[in-house]
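A lone chain, given as structure tokens: the form predicted on its own.
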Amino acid sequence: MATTARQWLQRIRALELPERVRIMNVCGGHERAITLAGLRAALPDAIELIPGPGCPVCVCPEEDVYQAMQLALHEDITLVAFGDMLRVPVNLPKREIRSLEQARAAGADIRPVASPTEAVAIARADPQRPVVFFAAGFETTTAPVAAMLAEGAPDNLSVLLSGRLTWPAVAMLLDSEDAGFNALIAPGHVSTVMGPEEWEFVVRDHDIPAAVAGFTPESLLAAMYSTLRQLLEGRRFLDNCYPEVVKPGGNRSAQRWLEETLEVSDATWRGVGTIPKSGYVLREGLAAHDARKLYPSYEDPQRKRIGEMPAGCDCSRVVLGKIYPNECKLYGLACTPRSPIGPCMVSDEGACRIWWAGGVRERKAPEVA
């Protein structure tokens, strides 16, 4: 019989924990599951769960959103994007168009889609009209985009790619002077595609316990228990607590599509800066489907505001696990889901939006180290 969430909690509570253990959960889906299940309140006070950089909408570069807006406003095209991207604001005065949603209201042909299949259907419905797919996401959503390109996208469909790899952001944190966490819950969906082995560097290079988790309370608590046991017993290994989905080696077909169509490159993360080998670009052979090459005039180097969020916004520190969402000075005041200032309040994978949806309404002052 499978171990229940209640039983995992009992096992965790029975451990002789140190005064403080900080566990980072990388994935926005994990953060949503943790918050909506009320796991923080159920766990011992010694355990802190730190939201990590696993929100692709939150880290999509401001200049990429701006480029997509300008394309849609000034070219006779249809622009499609994953739904959350439409509400992400860029750094412009309020009197100007600041999001794809506002550009759509101003007359641009912008449509939300849930998958590359929908983008292909829109392109095929009107073969004479150019369609640009603004594709932001991590490996889980980038792999289907790669599959679309590998299988042969319609001639009138191009991709404005803003794909990112998850592990380099975690590696950057671990290589810094203060990583801010003692154990890692690795993302289940990314591990399904890329294989759990991608996270072995956490244990091998940094001596930090790690466990891959799914999205149920049972899987998440199992992963937490595993990392806590590793800390207490002084042994380190990568545990797979999502074995029904995550298999050794990952999804070979998805990896082949990524390899055939895309190259890994240095990439900018909004509010973070440039992380080496953390992004995807289309291979030269797919130049006919690369919106960056088809519409180069809309790529504005002046908009590369590395390390910058909107004024007063602390999304970058939230993404890096340096503060909790409600420690941002704009949280719940100027910044709410109805009128987001920063990207973390837009997406349902953004920690600020998740905490707000989970009922956290009050701000608190950040802890002083």
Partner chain sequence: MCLAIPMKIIAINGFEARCEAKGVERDVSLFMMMNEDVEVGDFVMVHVGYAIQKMTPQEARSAWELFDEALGTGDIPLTTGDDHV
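If you're wondering where the values come from, they're calculated on a predicted model, not measured in any experiment. Positions refer to the first chain, counted from 1.
The form predicted in complex with its partner chain is left out here; the points below concern that form.
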*Using a 4.5 Å heavy atom cut-off, which stretch among 222 to 230, 140 to 148, 67 to 75, 272 to 280 contacts its partner chain in the model of the complex?*
140 to 148
*in the model of the complex, do Ala136, Val245 and Ala254 all put a heavy atom within 4.5 Å of its partner chain?*
yes
*asked:* By the heavy atom within 4.5 Å rule, which residue out of Asn91, Asn182, Thr216, Asn156 makes contact with its partner chain in the model of the complex?
replied: Thr216
*asked:* Can you work out whether Gly83 and its partner chain are in contact in the model of the complex, taking contact to mean some heavy atom pair no more than 4.5 Å apart?
replied: yes
*Would Val113 sit within 4.5 Å of its partner chain in the model of the complex, counting heavy atoms only?*
yes
*Any of the heavy atoms of Val193 lying within 4.5 Å of its partner chain in the model of the complex?*
yes
*Is Thr117 close enough to touch its partner chain in the model of the complex, meaning at least one heavy atom pair within 4.5 Å?*
yes
*Would you mind checking 20 to 45 for residues with a heavy atom within 4.5 Å of its partner chain in the model of the complex?*
Cys27, Arg32, Leu36
